[in-house]
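The data below hold one chain only, encoded as C-alpha cells and taken in the form predicted alone.
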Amino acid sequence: MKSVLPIVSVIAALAVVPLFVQSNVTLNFLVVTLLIALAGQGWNILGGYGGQYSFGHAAYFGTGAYVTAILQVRYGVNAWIGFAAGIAVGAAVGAIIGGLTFRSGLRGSYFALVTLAFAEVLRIVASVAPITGAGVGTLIKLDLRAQALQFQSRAAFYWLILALVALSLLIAWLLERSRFGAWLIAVRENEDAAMALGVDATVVKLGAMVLSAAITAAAGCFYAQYFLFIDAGIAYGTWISIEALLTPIIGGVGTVFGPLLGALVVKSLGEGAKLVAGDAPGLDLVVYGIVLVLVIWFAPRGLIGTVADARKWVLHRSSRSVREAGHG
C-alpha cells in the first residue's frame, strides 16, 4: 500500500487546486495539461514500457473524439455512453493496427512509420467522409447538464480529467507490478531473448497496444466534450502524436509520473513561447524540438531519471563522507 501513496498524494494535492484557483485561464491551462498527460500516459504504456515507439497516436485520439461526437450529434446517444464507446472503438483500432504491424514483424523505425501512416490515412478519410462533417468538422450542441457530460464550471472538467489521469497512473503502477508488465519490459529489453524464454512477444505487444490506444482514445473523448468541436486537422493532427510522445520522454519514459511531469513542462514552455512571440505558427514545435534535443543529450532518462540519479549521487557522497569521518 505504501508504494501507491505517491499517486494518492499527487492526485489529492491536484484535486484541491480549483478550491484556491478561480481563474478560468489557469484552470483551462491545467485541464489541457492533464489532457496531454493522459495521452502521454497512453503512449508511455506502449513506447515507454514496451519500447514500441509510435508516431501515430493521433489515430486513437481522433477515433475516440469522433466516435463520441458522432454518436451524440447524429444518433442522439447519451454523452457518457458515447464516451465509453469512443474508448472501446479506439482500443479496437489499436488492436487492428497492432495486429497488422506486429504479426508482420515490424519493429523500430518501420513500426513508427507505419503508425504515422495509419494516422494520416484516418485524417484524410475524416476530412472527406460525410459522417465526420468532412472539411467542416463536427460541432456538439451546447447542453450544460451533467447528463450531457457538459458543465458550467471548468472546475468540474478539471476534476473529470484528473480522475482519468489518476486512473492512468494507477494502470501504469499496476503494470510495473504485474506479470504482463514484466513480459512487456522483457520484450522491450530484448525481444528475441524474451521469446526464447517462452514469452509470446506478439500477444504481449498487442495487449500493450490495445491498452495504450484505449487511454489515448479517452483523451480524445474528453477533448471533444471539452471543446465541443473537432475536425480532421485537430482530431488526427500531428500535434497530439508529437505531444503524446514528448511528454513521457521529457518527464521520464517508462515511469509512472513521467507523462504528468513532462506534460507540465511541455505546456508551460508552449505557453511561454506564445507570450514571448505571440501566435507565430510552429514556434511551439521549435521549442519542443530544442527541449527534446537537450533532454536526450543531458538527461536521457528524462527529468525523473535525472532526479533519481542526483539523489543516488547525494546519498552515495553522504555515506562516503560518513565512512571517511569514521575512519578518521
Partner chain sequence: MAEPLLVVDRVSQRFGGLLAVDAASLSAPAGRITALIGPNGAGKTTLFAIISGFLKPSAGSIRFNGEEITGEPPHRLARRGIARTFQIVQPFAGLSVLENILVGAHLRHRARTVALAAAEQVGREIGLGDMLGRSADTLTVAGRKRLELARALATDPKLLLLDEVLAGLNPSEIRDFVPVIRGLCARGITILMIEHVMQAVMSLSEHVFVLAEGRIIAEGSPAMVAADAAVVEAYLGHGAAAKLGASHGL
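Residue numbers count along the first chain shown, from 1. Predicted model, so just to flag it, every value in this text is computed and none were measured.
As for the form predicted together with its partner chain, it is not shown, yet the points below apply to it.
- Site residues 143, 145 and 155 are none of them in contact with its partner chain in the predicted complex, judged by any heavy atom within 4.5 Å.
- Figure note: of the listed segments 211-219, 224-232, 87-95, 178-186, the one touching its partner chain in the predicted complex, with heavy atoms no more than 4.5 Å away, is 178-186.
- Taking the partner from elsewhere, residue 167 is found to have every heavy atom lying beyond 4.5 Å of its partner chain in the predicted complex.
- Proximity of residue 199 to its partner chain in the predicted complex falls within the 4.5 Å heavy atom cutoff.
- Residue contact check for residue 194: one or more of its heavy atoms lie within 4.5 Å of its partner chain in the predicted complex.
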